[in-house]
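Taking the form predicted alone, here's one chain by itself in structure tokens.
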Amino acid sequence: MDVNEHEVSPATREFGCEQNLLSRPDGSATFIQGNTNVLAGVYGPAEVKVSKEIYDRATLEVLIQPKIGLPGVRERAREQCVRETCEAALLSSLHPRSSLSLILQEVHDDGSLLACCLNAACMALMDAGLPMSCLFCGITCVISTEGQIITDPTLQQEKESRAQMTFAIDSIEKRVMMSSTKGSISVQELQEAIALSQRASERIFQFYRDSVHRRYSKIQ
């Protein structure tokens, strides 16, 4: 790819995270990106209903609760994206014939909500101590009407954009584990957005490491 104006370090908002803040789930975390905030809780491994049992791996259920009202079509689509990403990262074959439940509660949406859900999910899975082949993070990009690619956009920037993309990036090879797109995007714009997301993911993975280090250094 040619070096152009998108080859600078991608900007992201400030991150915040707290793990193990709920007592009932086996793992929990809240993740904040700017003013976007998602609370996650993980339950399991636990007994699974016979109708949902999978003999060689755990059954993962993902539920996203909106801030107001009942879950709708948008929440179902986001649930599928989160579930596919978690299933790709989890070593679910170590817990066959069992159930894992991931509950995500939208606290506030100011853009990049799906990415924030992915980040909260990863931190909650880590807190639950579930085995994973890699960590993952979510990055949202939008393309403005002028053709500029913006990472970690606000809700206003999403509304003013002509296209929106969210990628799940793994921590080892920085490969794309999941993608969700909306709007008209050229191949070149997609490639640039992926490259920007891969670079932005380094900042999130470093935040993961710093957050976990701070938590366990306090315990010691």
Partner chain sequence: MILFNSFRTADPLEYHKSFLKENCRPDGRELDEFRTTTLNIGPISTAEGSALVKIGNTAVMCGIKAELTVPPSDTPNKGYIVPNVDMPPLCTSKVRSGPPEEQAQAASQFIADVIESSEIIRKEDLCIQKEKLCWVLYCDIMCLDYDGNLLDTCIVALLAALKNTQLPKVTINKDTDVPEVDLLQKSPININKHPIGSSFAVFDNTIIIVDPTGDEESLATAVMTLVTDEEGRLCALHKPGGTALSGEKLQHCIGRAATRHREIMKLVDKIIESMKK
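Just so we're clear, the structure is a prediction, and the values are computed from it rather than from any experiment. Residue numbers count along the first chain shown, from 1.
Heads up, the form predicted in complex with its partner chain isn't pictured, but that's what we're talking about next.
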Taking heavy atoms only, is E84 within 4.5 angstroms of its partner chain in the predicted bound form? yes
With heavy atoms only and a cut-off of 4.5 Å, decide whether V176 touches its partner chain in the predicted bound form. yes
With a cut-off of 4.5 Å between heavy atoms, is Q80 one of the residues that contacts its partner chain in the predicted bound form? yes
Taking any heavy atom pair closer than or equal to 4.5 Å as contact, tell me whether L39 reaches its partner chain in the predicted bound form. no
May I ask you to list the residues of 174 to 195 that have any heavy atom within 4.5 angstroms of its partner chain in the predicted bound form, in sequence order? R175, V176, M177, M178, S179, S180, T181, K182, G183, S184, I185, S186, V187, E189, L190, Q191, I194
